[in-house]
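Here we start with a single chain on its own, the form predicted alone, put down as structure tokens.
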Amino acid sequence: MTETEGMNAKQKLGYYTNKFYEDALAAHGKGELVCWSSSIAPAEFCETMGIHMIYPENHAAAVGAKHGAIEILELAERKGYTMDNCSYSRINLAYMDLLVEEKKTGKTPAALAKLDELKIPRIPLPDIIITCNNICNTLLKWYENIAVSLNVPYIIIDTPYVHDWPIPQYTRDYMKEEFKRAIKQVEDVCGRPFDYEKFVKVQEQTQRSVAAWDKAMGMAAVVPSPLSGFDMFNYMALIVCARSNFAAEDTFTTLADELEAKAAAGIDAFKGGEKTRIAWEGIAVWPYLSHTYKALRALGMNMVGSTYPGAWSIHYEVGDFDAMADGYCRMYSNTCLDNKVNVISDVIENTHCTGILYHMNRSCKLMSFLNEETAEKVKERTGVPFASFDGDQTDPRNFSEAQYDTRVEALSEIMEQMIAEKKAKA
């Protein structure tokens, strides 16, 4: 009997998410090593060596979703971090300073106390930093700031930008050397040799978790869909922070079973209200997650397609460093425009979308700068209309409910007109 037996997927998500943070705090209290890691750095290395993982991007998203961002963002800006910096980084760097202040004075700063009141999970300060620039280069300086401020080891896994397909062997070779160097650095931090036997077990678990994630997210393709893309966003917390342990496999296996049962019973995410289906390109607007969802639902627009959850669908043959290198290179945001167009178009076609909404995210410039050109190319290939809106992943000051509502209403009208015209021609 497992500790989660009898729980549904939503209950498991809450249980494991809380346990993830509680275990890290407990480990830190016992003097065990804690790592702050970027979201798509290879977790397998630290997991193998028993280092507890914390993901600042994931934690910053929680701060935004629970409406705790404004004050902590203003703290970062008073320290000189401009609003043009990624809001995840500003939240994390300000949060780090609050933890340091608490440690030095023995008193909880007012801003940190407010986050505690909002039940935002506490995270311990790190003993080691690891980042991988396969999603963006902002991470390099952000995590360097952390490492320098706290005087802790900093491991960088440098990832070549992918222009050619299939990924060239020289790119894989470069990544394998980066992996070897990272393993050596982890060995130095831990003071013991890397456990390659356990590494294989961690890889196997990672692949089981990813397979369960893929199966659950694949249910979005059912018409009408039992899964809303906003549920994808919520469940993403575990594929980010727990893909190398059983928590993710357990939760996503249960979720896939639940979704399959709903689909078999003809139950969709809107309980019969799905009129149109759209893809969402970009990160969620965490402070306005409820509004962005409800505005779509009111129009019968089910968001079922997104490239974002697929970023953690990292497949490789266990024990094959070439395959693992390939898997961590092919992040959607680490590839050329042509591949971006292909990936988005495939999402639209595979999930049967009749439109796409682009989040012009002030924080995530890498994902947003190409959106105008990408949108035109995707429309040329798929024929589906698109709309865009201005926003931010965690800074609520960069989002307008009125603008968002106007844009999605316009997209809804265009889609419904196109569907009506298609039926008239049939």
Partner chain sequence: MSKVDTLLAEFEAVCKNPKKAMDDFKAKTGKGCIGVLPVYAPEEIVYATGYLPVGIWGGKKPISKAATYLPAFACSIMQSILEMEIDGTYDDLAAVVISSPCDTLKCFGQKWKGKSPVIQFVHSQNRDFEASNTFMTEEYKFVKTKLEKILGITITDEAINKAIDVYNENRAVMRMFCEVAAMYPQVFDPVKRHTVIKARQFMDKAEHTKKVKELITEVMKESVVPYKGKKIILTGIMAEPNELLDVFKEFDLAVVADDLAQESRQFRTDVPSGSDPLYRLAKQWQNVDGCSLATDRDKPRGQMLVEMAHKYGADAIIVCMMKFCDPEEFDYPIMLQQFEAAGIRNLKIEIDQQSDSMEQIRTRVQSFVEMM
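Not measured: the values here are computed from a predicted model. Residue numbers count along the first chain shown, from 1.
Keep in mind that the form predicted together with its partner chain is missing from the display, and what follows is about it.
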Would Lys271 sit within 4.5 Å of its partner chain in the predicted complex, counting heavy atoms only?
no
Just checking whether Ser38 would be counted as a contact of its partner chain in the predicted complex - the rule being heavy atoms within 4.5 angstroms.
no
Flag Glu380 as yes or no: does it have a non-hydrogen atom within 4.5 angstroms of any non-hydrogen atom of its partner chain in the predicted complex?
no
Check Leu140 for me: does it contact its partner chain in the predicted complex (non-hydrogen atoms, 4.5 angstroms)?
yes
Please tell me whether the candidate spot formed by Glu71, Ser313 and Asp405 is one where all three residues come within 4.5 Å of its partner chain in the predicted complex (heavy atoms).
no
Given a 4.5 Å cut-off on heavy atoms, tell me which of 231 to 239, 176 to 184, 305 to 313, 263 to 271 is the interface stretch with its partner chain in the predicted complex.
176 to 184
Answer key, its partner chain contact in the predicted complex at 4.5 Å (heavy atoms) among Pro160, Gly218, Pro224, Pro109: the residue is Pro160
Which one of Leu115, Met324, Val341, Leu93 is close to its partner chain in the predicted complex, taking close to mean a heavy atom within 4.5 Å?
Leu93
What are the residues of 338 to 375, in order along the chain, with a heavy atom within 4.5 Å of its partner chain in the predicted complex?
Met360, Asn361, Arg362, Lys365, Leu366, Ser368, Phe369, Leu370, Glu372, Glu373
